[in-house]
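The chain that follows stands alone, in the form predicted on its own, written as structure tokens.
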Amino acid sequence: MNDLDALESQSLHILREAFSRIEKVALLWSIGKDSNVVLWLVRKAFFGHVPFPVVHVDTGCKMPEMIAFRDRFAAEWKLPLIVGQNKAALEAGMGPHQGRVACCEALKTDGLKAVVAEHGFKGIIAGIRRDEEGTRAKERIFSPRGVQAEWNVRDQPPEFWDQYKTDVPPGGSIRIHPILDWTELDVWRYIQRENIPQVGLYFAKDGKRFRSLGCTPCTAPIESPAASVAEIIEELSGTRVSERSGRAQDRESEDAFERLRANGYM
């Protein structure tokens, strides 16, 4: 067993554990590389079948290529897709001009909370990784959330020897993070090995590509000649630039991302 085999095995175990122990589970699908890998792992864990809803929170600001990718593979893979949207906030004119953190909170966090409340989900599977951002490094694989989906970073259950606390807090829910221990390089190596489809924006065009995908107003490309998975892997092997360097909301204030996540952000 090599390192990718070991990561895959752990992730499959986590997904099966979540499905067997938590009532009403859903997968959060952002259309980015990480959630595409998690979706691939779900299909592998359950022999080509996705046995729970796949939720996409549409902010109305996603890049057209991401929506086209979502619609194509939702149809091809026969996904039980739920698209959630905070239409009231959009109709009221919410956007990054009102503050990027406020916009994320309204369109992403509140949009997700509404879907969870409407469908009564108790477990939300998300494709976050510890190496992506400092706040996410504080997470657990099975992470309890309060009644309002709030995250108490100072009260996280211990996780030793693949033993997880899967009890859902009263009135709350659990976030499940099956690739928390993966790195960005692991993700791309796995994408290469498994030939997992990805949004074309990740691959360089005219000397630029996106390293992290989000909403159009808040996501910028990086200078890069990497136009294939192999070239991305080579580039990442020597980079010292942060993965989320192109995400504007992270730079709004020093603790912006932690405040977002404490309130229920992905």
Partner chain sequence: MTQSQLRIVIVGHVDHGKSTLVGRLLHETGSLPDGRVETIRAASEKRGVAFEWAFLLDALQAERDQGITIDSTRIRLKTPGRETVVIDAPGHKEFLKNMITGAAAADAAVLVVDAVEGVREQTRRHGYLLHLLGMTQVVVAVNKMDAVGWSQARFDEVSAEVAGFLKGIGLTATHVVPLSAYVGANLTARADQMPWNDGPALVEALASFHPQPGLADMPLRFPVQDVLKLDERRIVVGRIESGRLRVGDELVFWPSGKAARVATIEGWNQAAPAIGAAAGQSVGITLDDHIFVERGHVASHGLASPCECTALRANLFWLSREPLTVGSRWRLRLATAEVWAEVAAIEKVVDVEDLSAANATQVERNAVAEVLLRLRGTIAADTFADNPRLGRFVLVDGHDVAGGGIVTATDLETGRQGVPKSTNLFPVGHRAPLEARWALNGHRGGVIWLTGLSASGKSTIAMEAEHQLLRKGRQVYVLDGDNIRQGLNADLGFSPDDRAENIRRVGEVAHLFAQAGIIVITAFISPYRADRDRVRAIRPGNFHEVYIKADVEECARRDPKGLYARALRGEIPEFTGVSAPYEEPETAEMVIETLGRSVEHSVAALLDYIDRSFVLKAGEAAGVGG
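Positions refer to the first chain, counted from 1. Only a predicted model underlies this, so the values are computations on that prediction, with no experimental measurement involved.
Note that the form predicted in complex with the partner chain isn't included here; everything after this is about it.
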Worksheet item: Among 213-221, 56-64, 23-31, 39-47, which stretch has residues whose heavy atoms lie within 4.5 Å of the partner chain in the model of the complex?
Response: 39-47
Worksheet item: the partner chain isn't shown here, but in the model of the complex which of Gly146, Gly99, Pro80, Gly134 has a heavy atom within 4.5 Å of it?
Response: Gly134
Practice prompt. Using heavy atoms only and a 4.5 Å cut-off, determine which of Arg72, His119, Lys87, Lys138 is in contact with the partner chain in the model of the complex.
Written response: Lys138
Item to complete: Considering only heavy atoms, tell me if Gly172 and the partner chain come within 4.5 Å of each other in the model of the complex.
Response: no
Discussion item. I'd like to check something about Glu76: if you look in the model of the complex, is any of its heavy atoms closer than or equal to 4.5 Å to a heavy atom of the partner chain?
Written reply: no
Discussion item. Quick check on Pro158: any heavy atom within 4.5 Å of the partner chain in the model of the complex?
Written reply: yes
Worksheet entry | Partner contact for Arg189 in the model of the complex: the partner chain, 4.5 angstroms, heavy atom | yes
Response to the item:
Restricting to 172-188, the residues within 4.5 Å of the partner chain in the model of the complex through any heavy atom are Asp181, Trp182, Thr183, Leu185, Asp186
